[in-house]
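Have a look below at one chain only, the form predicted on its own, in structure tokens format.
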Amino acid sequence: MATARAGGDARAGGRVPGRRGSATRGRLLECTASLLAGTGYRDLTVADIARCAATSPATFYQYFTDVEGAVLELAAELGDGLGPVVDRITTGDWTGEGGLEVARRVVQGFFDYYEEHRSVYRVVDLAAGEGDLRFRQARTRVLAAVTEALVGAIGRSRPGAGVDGEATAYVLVSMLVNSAAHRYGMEFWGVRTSRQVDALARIVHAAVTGAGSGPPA
């Protein structure tokens, strides 16, 4: 559920909303996310969102400059849902046979997160791909905690192995995002989600722990 974020947001005005205002703002964000699931980003209007939230376009503009402003606020909140994935990376025992199960839970958790926020993330990815710096920055911020957690896990698992943990983590996160985004396309070609998760888990496990990779060159 979308909520007001402390310390600033994408509202057109400069005032911090009270309890009623926060509730209205939350409804507008929820309606934006809901409508994006069935409406093309370019086709979504302020009037559509206001109607869904049982308010007026004028009220919408008290909180957001335009539809993009509302979507950017939703994007800013995406990272909140990645907490469980980060916890699995940082607290899981990657050593021994249990490490593969940790990796599997990380991948499944990321897939679940992406599915919950697919409609918003699809817009973020589209706008970022078109070169919109605001959405590029939003996407980077959303994924920062997962990337940092993977950097730490790689460093703890492979100390002194000469592995570029930062580059490896960025590659893994990009792989997770793209795989989650194209999950149904792969299912269309007969690769069920369970097989995708298993394959990704093995790749993540090998990258984090070095299992099966042999000594560094």
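This structure is a prediction, so every number in the text was calculated from the model and none was measured. A residue's number is simply how far along the shown sequence it sits, counting from 1. C-alpha atoms forming the largest set that superposes within 1.5 Å between two forms make up the rigid core.
Keep in mind the form predicted together with another copy of the chain is missing from the figure; the text below concerns it.
Taking the partner from elsewhere, residue 27 is found to have every heavy atom lying beyond 4.5 Å of another copy of the chain in the predicted bound form.
Among heavy atoms of residue 90, none comes within 4.5 Å of another copy of the chain in the predicted bound form.
Taking non-hydrogen atoms only, residue 160 never approaches another copy of the chain to within 4.5 angstroms in the predicted bound form.
Residue contact check for residue 168: one or more of its heavy atoms lie within 4.5 Å of another copy of the chain in the predicted bound form. For the three residues 51, 55 and 63, a heavy atom within 4.5 Å of another copy of the chain turns up in the predicted bound form in no case. Screening 102, 78, 86, 127 for any heavy atom within 4.5 Å of another copy of the chain in the predicted bound form leaves a single hit, 127. Scanning 61-81 for heavy atoms within 4.5 Å of another copy of the chain in the predicted bound form gives just one residue, 68. Superposition on the rigid core between this form and the one not shown places the CA atom of residue 44 2 Å or more away from its counterpart.
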